[in-house]
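Below sits a lone chain in structure tokens, taken as the form predicted on its own.
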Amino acid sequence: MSATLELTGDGIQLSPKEMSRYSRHLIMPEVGVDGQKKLKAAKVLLIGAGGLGAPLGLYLAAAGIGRIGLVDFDVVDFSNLQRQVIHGTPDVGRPKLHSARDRIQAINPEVVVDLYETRLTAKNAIGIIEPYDLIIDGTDNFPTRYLTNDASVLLGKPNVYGSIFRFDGQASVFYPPHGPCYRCLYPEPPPPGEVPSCAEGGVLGILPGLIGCIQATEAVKLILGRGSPLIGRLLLYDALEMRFQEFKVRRNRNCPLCGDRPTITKLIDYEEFCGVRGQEAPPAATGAQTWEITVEELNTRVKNGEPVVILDVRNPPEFEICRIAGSVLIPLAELPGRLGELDRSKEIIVHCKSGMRSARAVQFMREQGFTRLKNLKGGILAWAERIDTEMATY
């Protein structure tokens, strides 16, 4: 059985301007006029218009993909510009979909762009994904990755996968029954908080450009029916060592989604499956005590000279960017071995960037017998927004 999309360019015409635009494709025997018509006939959905979605949108538009769907619900932030090259400084504050659409159509006005300004969920995923020939996963969280995978498998669509973190990237193509799905590679998500996000751990700005271009290449190969796609192969890239490695990934016959006897026949609650529901909330209160404090409350207490310890559980590079005056740095990963540095008799206000890591720290410290604890709601981002507006953010 062929692993290509088996698209045809029947009924598709290339205008004289398009013949000129794609001339470097047309003179390649692997593409030619028929191949370029296939590209124009193709409908590709990009999940995410961020780091990976940026090069994907640019290069697929330039390649002549006829219809590109974009799914995102975020707005452009200054911190995005280090890697999300489809957006520019004037786009800060705009919806990413609008910025990406304008850039795609500036590159190639022949491309039809569909916008889905929403979070992909189990309720809307089938309806959004179904009209497209090929799905490209440019997401940055496990619930959406599993959702994208499951919906693609249930609909029989190839899923071109990519992920990035710090200096490392991955890419593959999941396309049952021709090969494995994402669940064959990762049957279970990691425990919540075990794998930092790019917002917590950082990412080399150039990295998504390379991984996104690999994904775009795989998409074009599948549409053209040329070459050997990354089906059953996981490509790993280490930017620091400038090294590629490849591993075989086999279809798991016991996979609950694409195995011989599948048990997953419809989409599920992916936040619950990945254990992230409520992770942004502080630990539950007991009795009349609350385990949360606002930045305004903390600011008042600091100004009044109240004896509180402000514990920062971010990583040292984050601490170098910005910090609350007088705070003590103990990264979350080091906390179990450094609890002895903290005075249990004093009230400790714990914070991180947005409140997620600090909530985990508060929960852990409570389990170790600490009782005078509060989690700073919204973290240092809330402090910068509402207390110290001159503070640098990231």
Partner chain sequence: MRLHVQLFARARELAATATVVIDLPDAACVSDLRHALSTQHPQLAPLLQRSALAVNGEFADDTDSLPANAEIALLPPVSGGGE
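All of these numbers come straight from a predicted model, not from anything done at the bench. Numbering follows the first chain given and starts at 1.
One more form of this protein, predicted in complex with the partner chain, exists but is not displayed; see below.
Under a 4.5 angstroms non-hydrogen atom cutoff, the partner chain in the predicted complex has V249 among its neighbouring residues. Although the partner is absent here, S152 is not a contact residue: none of its heavy atoms lies within 4.5 angstroms of the partner chain in the predicted complex. By the criterion of a heavy atom within 4.5 Å, P95 is excluded from the residues contacting the partner chain in the predicted complex. Contact between I310 and the partner chain in the predicted complex is not found at the 4.5 Å heavy atom cutoff. When contacts are defined as a non-hydrogen atom within 4.5 Å, all of F142, L185 and C198 contact the partner chain in the predicted complex. Though the partner chain is absent from this view, in the predicted complex it lies within 4.5 Å of a heavy atom of just one residue from W291, F319, Y116, F165, which is F165.
This chain is displayed alone, yet in the predicted complex one of N124, Q105, T217, Q170 has a heavy atom within 4.5 Å of the partner chain; that residue is Q170.
Remark: of stretches 127 to 135, 72 to 80, 222 to 230, 258 to 266, the one touching the partner chain in the predicted complex is 72 to 80 (heavy atom within 4.5 Å). Residues of 26 to 64 lying near the partner chain in the predicted complex, listed in sequence order, are G50, G51, L52, the criterion being any heavy atom within 4.5 Å.
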